[in-house]
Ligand code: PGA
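Coming up is one lone chain in structure tokens, specifically the form predicted alone.
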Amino acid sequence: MRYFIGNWKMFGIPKSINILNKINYFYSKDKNRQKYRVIITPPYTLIETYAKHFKNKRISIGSQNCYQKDQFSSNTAAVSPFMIKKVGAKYTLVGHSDNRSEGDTNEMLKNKVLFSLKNNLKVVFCIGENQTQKKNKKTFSVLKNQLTKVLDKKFNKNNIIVAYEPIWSIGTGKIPTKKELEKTTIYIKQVLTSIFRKKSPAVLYGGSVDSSNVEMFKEIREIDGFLIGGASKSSKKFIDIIKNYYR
């Protein structure tokens, strides 16, 4: 199973649902539709209406983040995994580099994953190195640290997807070489196999994915799909990525 996950970031108002209606229409007619899943993570403000609208359709709705406590608490503006699940989300991103740079620690991330799984949300756990770490050949040690400090063999690996997003590639147009990405994805899967003592969960790639470079990624069979930023805000760009992947 492949995944095409759209991260809308700070984008979208109620009528932006038209973008998803077009993607859903394509998805429901696509001859390859049994081979992949489409998940879109709009901002919190849109999760409930979008989740209701797509309840019996093909697209799944997720959240871009969640708070590191369960149920209810007195933290202003915080949204718990319990609350996200109750409005119809099926997935949540955790550990996106945007949130890590705003202060998410490994301990906070571990609680986010824990409570998301407890509330039957599937977790898309984001990892990635920055430009300096890459330059200093620290990529593998950074990724290993991010994975082993947060993921635990007690967690249900069937509800975890890992998204490798090199921070230096997000929104820059720069992407790793095919060889680099192959090596890194294989390494991530080895670390995950050692954590869970079982076959690795799915590993996705994210960072400047578009319809013109997706064919290169297709050749790397270890990659199980994509976390797509900017291009997911346009139905045409998002659909073109899927079309070119299966061409």
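Please read all numbers here as calculations on a predicted model, not as lab measurements. The first residue of the sequence shown is number 1, and the count goes up from there.
One more form of this protein should be noted, the form predicted together with 2-phosphoglycolic acid, which is absent from this view; the next part is about it.
None of 170, 142, 117, 83 but one reaches within 4.5 angstroms of 2-phosphoglycolic acid in the predicted bound form through a heavy atom, and that residue is 170. This chain is displayed alone, yet in the predicted bound form one of 209, 61, 181, 46 has a heavy atom within 4.5 Å of 2-phosphoglycolic acid; that residue is 209. Contact with 2-phosphoglycolic acid in the predicted bound form, judged as any non-hydrogen atom within 4.5 angstroms, is confined among 185-193, 46-54, 30-38, 201-209 to 201-209.
Although the partner is absent here, residue 229 is a contact residue: one of its heavy atoms lies within 4.5 angstroms of 2-phosphoglycolic acid in the predicted bound form. Using a 4.5 angstroms limit between non-hydrogen atoms, residue 96 touches 2-phosphoglycolic acid in the predicted bound form. 2-phosphoglycolic acid is not shown here, but in the predicted bound form it comes within 4.5 Å of a heavy atom of residue 9. Although the partner is absent here, residue 165 lies within 4.5 Å of 2-phosphoglycolic acid in the predicted bound form, judged by heavy atoms.
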